[in-house]
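In structure tokens, one chain follows: the form predicted alone.
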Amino acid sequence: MEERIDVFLELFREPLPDHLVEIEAYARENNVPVIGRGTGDIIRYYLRSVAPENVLEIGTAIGYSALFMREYLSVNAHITTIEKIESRYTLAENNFKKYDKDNKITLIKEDAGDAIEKLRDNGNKYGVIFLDAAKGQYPAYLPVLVDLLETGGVIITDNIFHNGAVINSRYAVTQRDRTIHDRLREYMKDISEHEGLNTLILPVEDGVAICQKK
């Protein structure tokens, strides 16, 4: 049913630019995680609704999602994206050189936890924050991300179900994945109960959480 619905929805989705189709195909062929079309629909909707001047992405990978978001921002908007894995940010840099000619994307090659604290301490604010990085760190990131978020802005968190493992008992997942399992559940509890956030968790693809700052 899910596959049939996704195929059906392709009839109504905006077509992607050719360069995004090419990067997406490369990612699929090389097992690089990138956003799915359903998650892309949500991101596109909020970028157009919030119309942020500044966007923060945590987890660049090869640059697909940053370039995707770039397509739906205003002329003067800017994206800051963070990635610490060299093999990924090297590919991202190459893609940005090809497809970000007006330098709307800034890449920070650093640990995400350190980078977001520096951004907060420097007084930066963002209308949209897209979180798709080391899942076990999400609870630690959350207080800083809330500080970085403008009032009315949204945090969009991808793959919140961690390939479906989060909905299972922690004893049903492998021992090496139990820390991620526990911390993602903790993160979901934190965002759901946070007094400063309105939160919606959607069963789209591998789960998407949307948190709007009150």
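Position 1 is the first residue in the sequence shown; the rest follow in order. Keep in mind that this is a model prediction, so the values were computed, not measured.
Only in words, not in the display: the form predicted together with S-adenosylmethionine, which the text now covers.
The single contact residue among Leu91, Ile105, Ile129, Ala112, judged by any heavy atom lying within 4.5 Å of S-adenosylmethionine in the model of the complex, is Ala112. Segments offered: 32-40, 177-185, 160-168, 144-152. Contacting S-adenosylmethionine in the model of the complex at heavy atom distances within 4.5 Å is 32-40.
Contact with S-adenosylmethionine in the model of the complex, defined as a heavy atom within 4.5 Å, is made by all three of Thr60, Ile82 and Ala134. S-adenosylmethionine in the model of the complex is not approached by Tyr46, whose heavy atoms all lie more than 4.5 angstroms from it.
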